[in-house]
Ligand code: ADP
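Quick setup: one chain, the form predicted alone, written in structure tokens, and binding and motion questions come after.
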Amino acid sequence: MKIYHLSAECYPVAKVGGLGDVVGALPKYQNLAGLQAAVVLPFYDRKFTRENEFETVFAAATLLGNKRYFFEILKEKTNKLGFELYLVKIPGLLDRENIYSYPDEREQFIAYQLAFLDWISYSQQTPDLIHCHDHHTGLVPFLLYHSKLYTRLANVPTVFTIHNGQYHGAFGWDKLSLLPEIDLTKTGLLDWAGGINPLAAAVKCSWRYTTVSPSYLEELTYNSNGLEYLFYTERGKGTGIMNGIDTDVWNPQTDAMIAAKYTARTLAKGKRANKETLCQRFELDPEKPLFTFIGRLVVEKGADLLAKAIERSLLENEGEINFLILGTGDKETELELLKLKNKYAEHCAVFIGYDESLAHQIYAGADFLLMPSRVEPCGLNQLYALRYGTLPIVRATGGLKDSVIDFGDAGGYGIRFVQDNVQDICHSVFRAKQLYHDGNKLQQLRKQMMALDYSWTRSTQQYTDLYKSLKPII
């Protein structure tokens, strides 16, 4: 079964968030399971593309409105990522460093999708399935089935995965001319709220759509930034599949990015050594419980609550706890956290930016990971934390609800709270501090966490079953 994954991100080539991690891991595990999975990504002028060798496997030109663009399909020569990697390079359009935020971003992603379709159409390739990820690839299902250019591919099944339903990639009808010739009687499939909505189009046109956790499938029907009714009516073709993590990359026994490697048997010693390294770097007391946050400093992640929750927790717990924040995002939130760092220098450290090695060290050295998310389709940070024996403190939403059971409940190992407010966060921090001082209980929970299986093996089988259900082609 030949599968092409289309995405704007893929670790380690280009990553902003969980989308990159998923697309960098799922195809590898699918290949290990006997499928033939490849990834097709826009070309980015980044470290990975500069340091690896590529060969041109196809070259042609495509029209974007009335402009003709030359494009190349480049293939990474060694398949070093565990799958075939193809990059769509368009000089002046898809050859830049950053992934997002260019003024012509719509044109970039439309051109990327058209170049992919032109490639597999002109080169007479017929994949068994095309798996699209998020709105950046959302026009592919519509164009496959409703453009005369791609009639030969009209029977190829498509699966569309929604990693974050808050972002639709919508644009006005004035850009319809950027698309190739389509069946104009089908434009209603592109439309939502008076504009062209790639996410909505993909949900309507794909054979099946998936979400990255079972709970998020239901949440989209009441929280999807204006698409609630669509998800309610299309609920029957949706499936929630929990993301996994790449256990080769995220493994405390082999992780080259952490100060001391460890297993469940050497957990206490390993966590202690990593915590001491982390606290030495940020001048924090390793004897105190260390709470951390890793991620984008945006409202969606509940980051706007952090500064008030941290200050209140420090006062309520009389400074007997420490906090370490790693992230970047909203400038006002960054400023609030930096002020807090200066005010409580002995108890609070803040790193504005993102550092992959530091993230690994935090998972290995921290005691608790805070995730007060308002929206969390799946969440991977809590899964990384579990893998490293760091107890996640999460708001019960989306994938956080599906993957973390409160230690007060049967079989539980984490801390969950319900409301997205400072009070619930502080109460959870207080519970965590009490647990920290019950060393035997915490060690037992840590070993329980590390024994959980959130690898891609289980999720890969669920995707395989979904693919095989798409008849009559597969």
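Model, not experiment: these values are computed from the prediction. All residue numbers refer to positions in the sequence shown, first residue = 1.
Unshown form predicted in complex with this ligand; subsequent notes refer to it.
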276, 292 and 347 all contacting this ligand in the predicted bound form, non-hydrogen atom within 4.5 Å: no
From the list 228, 97, 356, 285, which entry has a heavy atom within 4.5 Å of this ligand in the predicted bound form? 356
Of 119, 250, 368, 142, the one that lies within 4.5 Å of this ligand in the predicted bound form (heavy atoms): 250
Are any of the heavy atoms in residue 327 no more than 4.5 Å from a heavy atom of this ligand in the predicted bound form? yes
Would residue 393 count as a contact of this ligand in the predicted bound form, using a 4.5 angstroms cut-off between non-hydrogen atoms? no
Does any heavy atom of residue 18 come within 4.5 Å of a heavy atom of this ligand in the predicted bound form? yes
Hey, in the predicted bound form, does residue 301 get a heavy atom within 4.5 angstroms of this ligand? yes
To test your reading of this chain, name the stretch in 217-225, 381-389, 335-343, 85-93 whose heavy atoms come within 4.5 Å of this ligand in the predicted bound form. 381-389
Can you name the residues of 118-141 that have a heavy atom within 4.5 Å of this ligand in the predicted bound form? none
